[in-house]
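Only one chain is included here, represented as structure tokens and corresponding to the form predicted alone.
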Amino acid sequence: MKEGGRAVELRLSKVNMSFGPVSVLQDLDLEVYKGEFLTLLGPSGCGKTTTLNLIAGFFPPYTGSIEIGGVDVTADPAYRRNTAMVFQNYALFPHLTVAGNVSFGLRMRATVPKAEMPKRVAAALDLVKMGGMQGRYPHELSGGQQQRVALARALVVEPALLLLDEPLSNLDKNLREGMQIELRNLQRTINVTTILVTHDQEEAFVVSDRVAVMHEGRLEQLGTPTEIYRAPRTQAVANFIGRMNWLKGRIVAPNTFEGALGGGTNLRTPVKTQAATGTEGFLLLRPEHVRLSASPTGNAHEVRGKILSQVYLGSVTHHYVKVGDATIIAYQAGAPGAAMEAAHLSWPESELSFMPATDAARRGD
């Protein structure tokens, strides 16, 4: 089935899921295109892993439907769906060799002649850079190697959907970052429709074509990493994706925001918005777009504040600046500069956005 010229591989329609009295998913609608890498992103308990398990067929939804390749599979168990999953703990069989683990799915599905299995296993291991490791056992492998074997086991059955349940979360930072790039390149090479679950924003942005941000069982926003970061539609999305400065106020004239920051400090600045004059809401400003200076810059819209603290993180320093009764966070590359108690804050107007209070409180799309 095609939607807007693109083939839809997966469609979830009005999916609801509850465990006893606890509602886990609420009216979830989601389409994933063929060959796309989509990430379900959100905090713990938001419903992303439940969504993945429903797609895999580990249990049926309470209400709603699931289609794979245009076929309704809502009532089909996992073994009847052309999906494969890589679990967070890899779930390798300790008594089987690498070859035994990778060929397990092929043997269970019985769709490949036995004589062809070694060739398919070797090809899958080559894809994940584990060629020649067929005779080893899981306990003889590093965490990263075990992750590759688990991925090969999923890929060898040539699934319509590759499902990844936080498969990189057990790796150390450097290895994890390297595997993110490898995973993305591999997915592009074999063009398998892939759905990843993670709570790590950076990981989602590195690997994904689109990101589905979830919050309390609802799909809050679906879009490209750039769209999600630069134009969050709800407060839940803006707060989860990076850090955000929220300055309360209202639109006092077309494309003009004004807010009282307390302590006699007022902020009036241009902002591109379609909101009508009088609309209450928030001026949104990412910390990396805040400029700090020890002296006035001449910017007509700058404000003066007092530095409360500085946190040095190696590549960047986080500055916490009190402006009136508000605290504005500013990121600057590198180590802190010369000590200064007072700071003048400014920003490029192009990086400002305005979110009406009604949108900030809105749930989902």
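Just so it is clear, the structure is predicted and the values come from calculations on it, not from any experiment. Residue numbers run from 1 along the displayed sequence.
Omitted from view is the form predicted in complex with a small molecule, to which the following refers.
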message: Can you tell me which of 313-321, 39-47, 300-308, 65-73 lies within 4.5 Å of the small molecule in the model of the complex, counting heavy atoms only?
response: 39-47
- prompt: Only one of L345, V24, L352, L12 has a non-hydrogen atom within 4.5 angstroms of the small molecule in the model of the complex; which is it?
  reply: V24
- prompt: Closest heavy atom of E166 to the small molecule in the model of the complex, within 4.5 Å or not?
  reply: yes
